[in-house]
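Starting off, we have a lone chain in the form predicted on its own, written out as structure tokens.
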């Protein structure tokens, strides 16, 4: 259906974060950001990488897991935004603008953590692009994520200007969709092509990253959408209420179930593998860890069981709780994925007794808090000044009963 010029206009959607609550949360998030950043910088300038609990035998710790979580959540949010803008699922219009903005700031936050983990931030800016190591997947990770950021910004500017269905907006949306697939797929290959790390070596890892990335993206979207409306669905416009009681919770439930299925398949094949560098990681590290088992049960299994009930999954409080649990569960999954691939000593294999032990240091935790608090600061500023709850005017002004037909 062609959209008229009237439909391309936008309407301001007020929410609680544009008032005193937003300023209060912004100050709190800003204090956490400044404190964690100051601690991290002091540690890096005085002790350098020795303030990390990583080593030459286990070089990638929690900051890399944090970056991985943020980068894939950003990709997931970008793919959700493509549902209305590329594939025509118009019931997702009420969250499209917030999705794109979240994808942008989550990726920026993840890149900030990665830059601080590398140590010399400014050297990264010229050494990686100018050395042109085109045979390295990490070189292409930089290229694709730079394009991803560019297309996200371009796509957001189109929606900010009220172009929801213009030809240019669709073309930018398609380019952004392809950019997201290339960026997160290439990130998966950085792990999946490492045959010397058998726990990561998997040709289907890009599919796993796409799927789990969308799951974490939906968790972030649900939480931040409710936060913007004071965790009260009654304050939301009818189109958004219809989405949160119709298509979105069903999609969320299916994604959590699919994520569990992927993890189960990886675990079963790992346990049956005759390669001890895969089998031992599952039996001696992952399933031997009470924290990993708790994150799996409370962060994914319990949310999936709850979301199977139609009456429960449509409740606002349940959706927020499930979003928080999935956020924590998938963060733990990224941590154990990154560390699990390195606990068997490289070149020594299982011939060397014992697994490499690793616990994040205070500096590494501070980098994680830098990423989280930076994300909150940018999001709160976006809610205040960029009208993230915007949607096409014909949808914003439709009566409440009309929204049910699109959910």
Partner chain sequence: MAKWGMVIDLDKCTGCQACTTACSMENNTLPGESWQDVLFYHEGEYPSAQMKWLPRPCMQCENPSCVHVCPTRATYKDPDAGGIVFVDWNKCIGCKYCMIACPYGVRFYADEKPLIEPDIREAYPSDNGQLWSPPYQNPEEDWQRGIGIQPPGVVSKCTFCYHKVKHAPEGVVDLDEDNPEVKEYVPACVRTCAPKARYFGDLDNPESQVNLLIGDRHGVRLKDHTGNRPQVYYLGAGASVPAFTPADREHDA
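Residue numbers count along the first chain shown, from 1. If you're wondering where the values come from, they're calculated on a predicted model, not measured in any experiment.
Although not depicted, the form predicted in complex with its partner chain is the subject of the following passage.
Annotated contact segment (heavy atom within 4.5 Å of its partner chain in the predicted bound form): 191-199, selected among 263-271, 86-94, 154-162, 191-199. In the predicted bound form, residue 357 stays away from its partner chain, with no heavy atom inside 4.5 Å. Mapping the unseen interface onto this chain, residue 117 counts among the residues with a heavy atom inside 4.5 Å of its partner chain in the predicted bound form.
Mapping the unseen interface onto this chain, residue 284 counts among the residues with a heavy atom inside 4.5 Å of its partner chain in the predicted bound form.
In the predicted bound form, residue 250 stays away from its partner chain, with no heavy atom inside 4.5 Å.
Listed residues 302, 128, 312, 205 were compared with its partner chain in the predicted bound form; 128 is the one with a heavy atom within 4.5 Å. For the residues 166, 293, 133, 232, the 4.5 Å heavy atom test against its partner chain in the predicted bound form is passed only by 133.
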